[in-house]
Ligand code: ATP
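What follows is a single chain, given as structure tokens, in the form predicted on its own.
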């Protein structure tokens, strides 16, 4: 549904992106993951025909977006990083107004607006002024507005930025529903590692160019990431360390400040239950289990020039370069599971 090849964009002497190449399959949630200033927004704005590239090509739903931007825009719903709705219009009026702007036929607009109100749980707010909505509800309305002309492709630029944890989770759930239930292809830019891991089928790590592409777990595996797990114990002992080392997928284990610290390779979601079961069977009293997001570890490895990650086509994806690049700092939420 989206084919991006060799995109370059310069602002004077500054190169924002260079050689950006990737593809997104139909019905896929694809994440552009990178720190602030990595080129995510620039890439999104080129794809949705807001700004032209200096080089490269973009095809959306079979349409050359650079040669025929008007036609390409008909297939795109776009949520910018700072979305706006008309505060003096009600929720329903916002959707009806944008339906007219998009040229939705009058007979189709009303049922489509009603359906979006139901889908985004905005029916009870339909006649409320947009100015009175919480930020989370305004974000729901903004996404609904982007879908009012029923485009097959939805571009979301930092859709949970500035939202409280509950609202952010609701928006993430809606993004997944849009893809799964409505069959939309979603391109989502984010610097939130937790969000990318929870929502995206595949991610592309971007830092001016595409550094790696793949499913979050596969990126960690291809970078030979060893995920640290910290097991808080009421009865730590060297015997439990030996038990941990006997579990397949545990590469090292030690006691540290009353916690058992183990490094895992392979799929942490498979190894962690095996580790906890073995420890309990040996008499361990587990207080908590914490582990770092494997995607976070892969990201840090990639942008800091750690193990080389070969990007390869997975699902609907494209092929990127081998990775061995410079440094970047980025914060993200870790995944906490017990």
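Residue numbers count along the first chain shown, from 1. Every value quoted in this text rests on a predicted model; they were computed, and no experiment measured them.
The same protein also exists as the form predicted in complex with this ligand; that form is not shown, yet it is the one meant from here on.
Remark: residue 41 counts among the residues lining this ligand in the predicted bound form, judged by a heavy atom distance of 4.5 Å or less.
By the criterion of a heavy atom within 4.5 Å, residue 81 is counted among the residues contacting this ligand in the predicted bound form. When contacts are judged by a 4.5 Å heavy atom cut-off, residue 62 does not count as touching this ligand in the predicted bound form. Using a 4.5 angstroms limit between non-hydrogen atoms, residue 283 is distant from this ligand in the predicted bound form.
Heavy atoms within 4.5 Å of this ligand in the predicted bound form map, among the stretches 65-73, 52-60, 272-280, 28-36, onto 28-36 alone. Proximity to this ligand in the predicted bound form, defined as a heavy atom within 4.5 Å, holds among 170, 218, 158, 150 only for 158. Residues are counted as partner-facing when one of their heavy atoms sits within 4.5 Å of this ligand in the predicted bound form; in 4-23 these are 11, 14, 16, in sequence order.
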